[in-house]
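Next up: a single chain in structure tokens, the form predicted alone.
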């Protein structure tokens, strides 16, 4: 084997296993997308799938589940930091796959930023606990002694990630972020064409020592019998072609054991130019700019790239002219050169697939771009996997079939006219389910009509105009905050979307029992659970000293008419229910003049706040405020302040959430809310 040939290793049960030699029939030779030269060999590792699964289930899984969501979020942040400090190696390797620096930024920095995003959301939206509370407590009995709560806990298996070639770093990291945050170990199987980039990133991950042994493993080459050894506690997450997804999803073992299967696959994404976006408008220019970017970024090898363009009949000629003008300026060639705007496809095989689909599209659409593009210096179009950006025009999209069924996974798009918005929606939907569709319009009514007519067939709808253009992230950019997936042809999966994606690797369970039982399971005090009377005012106790259920019961305070009138004049809130007895009585909700809700909150704070300096550092807000019963002049209120949940933020302080309940002189609930404070540790 050549000393310069990269031998892509698998990482199995804590050991690195080399691929077989290039001469082995079980090994796969990987060639440079730019020069066609052999650069790596992968496959034929001879790993033991059963050992990998056992290592993940018995070593990685228990170690992850022993940590809290916040522990895992901190580990994700540390991992992202380590990768960010060592990412230049990945950029160097990505050139050989045909990616320009800008292309690789999406893959490498995009993947790292996704880790950072999930680390942040994990700390902010999930508890410092091993159990995630999904929704509010449900009262299942009349007196509240039998209640229910939905919880989510990590599945006890392995997340098997089968990734696509086009994003060897981001594709791995975006799946790992959700899986590891859930507390589940993963086995990563990258696409062979770019697995040498994934392996380099994976080595950095192992070197970072941010996660326990067994948290993630890597397969270079075939998965062997791995899928036949999975259980219902495992999850398969796949990104790739619909054909491969169908083969995997139809695996008899996966079907018979109801093994969860997440799929993100082929997508004939469309973009609509609104009828208001005529030539000369900012929206027309935005449309042209984004279409060019989507066709040429990663040489069009993006699952979210624009494949079909729906344009008003009156603007079709102007749009073709504008697109061709920009396409003719695209420099195709060696991705290492700064002048290059689009590199080659990932392989000669991929180039052949794209050209074959283009040929088939040509039977129902007319190619309206030149057949060749300029190849810049230092690139040989005959050796590399280069292909020119290609625009087709389908004059009769209603009668055509191939433009709505065939995806050339490269720099190819088809433009087609529409008569009205109803037809535009119909054409979008003929893609059979897409990851994303975009609409370029400055008219909110057009946007609304497009959403109503096409949202059901799309995982994401991106609407751009002159207002959002400067800050928008683009048609083809999946963000960790928003769902990435789509119905039908797109696979029916749902990756990303914040904590939504974490739920794929957890089991939702309904817990039923007494308030004390539910509070213990969720590590969150709930109404009717036992309370603990404190010996000292809770605001004088540190974060560490406070206990869940610790409660302060205040004395009562009477609400007078003078209080109400003074508050009204002082604040300017002279709403009739507080100032006009007859008008208030005419309202079905009030017996007469009543106290302001915010007056009650202010008096409540006066009843429970400890004024002297102490462990309470700041009041950061309140949530879940509800007023249950009006308070009339002459009524009195008292407060019960209970420690509901504690969340450590750092070594100096943590967040305490307090259940605040106001009662009147008859012990009837008047108001409830959750108070948030930061308390010294």
Ligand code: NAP
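Positions refer to the first chain, counted from 1. Here the structure is a predicted model, which means the values were calculated and not measured.
The same protein has a further form, the form predicted in complex with the ligand, not shown here; the description that follows concerns it.
Checklist entry - Would residue 238 count as a contact of the ligand in the predicted complex, using a 4.5 angstroms cut-off between non-hydrogen atoms? => result Close contact exists here: in the predicted complex, residue 238 approaches the ligand to within 4.5 Å, heavy atoms only.
Checklist entry - Is residue 191 a contact residue for the ligand in the predicted complex, using a 4.5 Å heavy atom cut-off? => result Close contact exists here: in the predicted complex, residue 191 approaches the ligand to within 4.5 Å, heavy atoms only.
Checklist entry - Does the ligand get within 4.5 angstroms of any non-hydrogen atom of residue 540 in the predicted complex? => result No - in the predicted complex, heavy atoms of residue 540 and the ligand never come within 4.5 Å of each other.
Checklist entry - Is there a heavy atom of residue 233 no more than 4.5 Å from a heavy atom of the ligand in the predicted complex? => result Because no heavy atom of residue 233 falls inside 4.5 Å of the ligand in the predicted complex, the answer is no.
Item to check | Listed residue (165, 95, 603, 261) with a non-hydrogen atom within 4.5 angstroms of the ligand in the predicted complex | outcome: Selected option: 165.
Checklist entry - Taking the ligand in the predicted complex as the reference, which of 477, 560, 426, 244 has a non-hydrogen atom within 4.5 Å? => result Checked against the cut-off, the match is 244.
Checklist entry - Of these, 290-298, 196-204, 265-273, 151-159, which stretch puts a heavy atom within 4.5 angstroms of the ligand in the predicted complex? => result Single hit among the candidates: 265-273.
Checklist entry - Does any residue in 422-438 get within 4.5 Å of the ligand in the predicted complex, counting heavy atoms only, and if so which ones? => result Residue within 4.5 Å: 435, and no other.
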